[in-house]
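First comes one chain, alone, set out as structure tokens in the form predicted alone.
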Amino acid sequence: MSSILRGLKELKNYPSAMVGLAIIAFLVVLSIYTVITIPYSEAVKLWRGADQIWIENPRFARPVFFDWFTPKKLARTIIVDSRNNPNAKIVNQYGEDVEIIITLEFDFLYDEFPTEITLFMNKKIPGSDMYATFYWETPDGRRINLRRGSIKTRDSYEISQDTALRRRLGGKDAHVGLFSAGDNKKPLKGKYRFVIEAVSFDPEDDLDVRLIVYGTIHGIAGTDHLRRDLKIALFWGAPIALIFGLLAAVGTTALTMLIAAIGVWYRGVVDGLIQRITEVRMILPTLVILIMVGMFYSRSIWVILGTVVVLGVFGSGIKVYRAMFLQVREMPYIEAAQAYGARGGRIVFKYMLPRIIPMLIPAFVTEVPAFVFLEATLAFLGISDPVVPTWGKILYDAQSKGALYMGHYYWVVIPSVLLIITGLGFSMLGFALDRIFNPRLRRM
């Protein structure tokens, strides 16, 4: 233990180790922050997107920091709700009939067009008849008749998908034609108004509306094809990656070392059986076995983790540790332990394993990124827990939806950079530890 502590104190002499520790510390802090602010159950609910959680988010929106690197002012999402503005609604009673006029005003001051326009309506009395006319007023004084029709209790009007309106706008999409002046290729800036004139034949009836003008940037990480904020998966990808990588590395390395020590000490049939199992296992492809487990048994991350540990225990590492323990077994202090009557189990745990543990630390640290990338690879191939938001799951969705072909580079670059940074942090620390604890490298 004292030798391990002395070795760890030497890390300050290696700048690469300090950089690696800083990266790992950042990932740990991010993981703690994520677990506290976004509990796992909430993260799963948000990632599944149930009950139209993300309805106010634009699709394929870039992160907001894109706005810092362009002279143009990129469009942000605008939400106008009649419930938040009492002055937006005028109600007139005409005997048994009621007239409701709602005017939603907003300023559009961006240098690019929005991506969608949708109106959500909520009528008070179910089953009653309500008819409405929709208008759009531009800053230059034009008034465009959008459509006429009845309103249900909970209804929506996807203005961007209105084909009749598109024909009246000269073939332009509504989110472009309603914001442009003639043939102008840039949006017309200024104050816009959305007007609804509704009539109901039930005097107790009422209407509230919410207009969403979807922008092109959103949040610190952007959104995907389901309007989900990618921040959820990016943040939760850190604790998932660390937990998976650390548990797999600890389980695999510790069990491999223990089995190798037992085989070396007891020799004979025990060592032979361990070596034959290891040789058979080394022939089998790990990734293919994991894919088969995910396809035919379970995609639970814990099942995958357990399979990774079981497959990793009888890997090539047993051969390496066996060679080390063969040298340790011939040491004089092992003979002394046998001379005073120490049993095999005590010798293995008390004298053989502690001798190798200092060399185990660098191997353990450098194996963590391998398992992190393995989890990301399984998620990228679609063989992972479907409800767990991870970096690999982001890459899988991006690949399946053609993110690179559509120009949504942020969807691929950000999780890829996080994976690379994670691997770099553990690798830099592991290489420094290897130079500290490996006697041959210390002499170089």
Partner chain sequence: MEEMGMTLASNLKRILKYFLVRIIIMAITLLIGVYVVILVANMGGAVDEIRKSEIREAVGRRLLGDENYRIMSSEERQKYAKMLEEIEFKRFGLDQPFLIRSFLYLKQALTLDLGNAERLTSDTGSRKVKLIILERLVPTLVLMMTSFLILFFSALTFALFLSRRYGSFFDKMIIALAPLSAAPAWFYGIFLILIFAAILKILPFGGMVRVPPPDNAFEYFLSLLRHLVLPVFSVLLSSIFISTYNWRTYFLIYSNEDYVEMAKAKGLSSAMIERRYILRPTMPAIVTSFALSLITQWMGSITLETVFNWPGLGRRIYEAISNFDSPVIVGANVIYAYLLATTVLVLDVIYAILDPRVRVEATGGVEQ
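Quick caveat, the model's predicted, so the values are computed rather than measured. Residue numbers count along the first chain shown, from 1.
This next part talks about the form predicted in complex with the partner chain, which is not shown.
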Quiz item: Among Arg267, Arg142, Arg276, Arg83, which has any heavy atom within 4.5 Å of the partner chain in the predicted complex?
Solution: Arg276
Quiz item: Which residue among Val91, Leu109, Ala336, Leu287 has a heavy atom within 4.5 angstroms of the partner chain in the predicted complex?
Solution: Leu287
Quiz item: At 4.5 angstroms, heavy atoms only, are Trp136, Tyr214 and Gly222 all close to the partner chain in the predicted complex?
Solution: no
Quiz item: 234 to 242, 338 to 346, 290 to 298, 257 to 265: which one contacts the partner chain in the predicted complex at 4.5 Å, heavy atom to heavy atom?
Solution: 290 to 298
Practice problem: Decide whether Gly423 counts as a contact residue for the partner chain in the predicted complex under a heavy atom distance cut-off of 4.5 Å. | Solution: yes
Quiz item: Hey, in the predicted complex, is Pro369 touching the partner chain, heavy atoms inside 4.5 Å?
Solution: yes
Quiz prompt | Partner proximity in the predicted complex: Phe120 to the partner chain, non-hydrogen atom cutoff 4.5 Å | solution = no
Quiz item: Taking heavy atoms and a 4.5 Å cut-off, does Phe69 contact the partner chain in the predicted complex?
Solution: no
Quiz prompt | Residues in 390 to 415 close to the partner chain in the predicted complex, defined by a heavy atom within 4.5 Å, in order | solution = Leu395, Gln399, Leu404, Tyr405, Tyr409, Val412, Val413
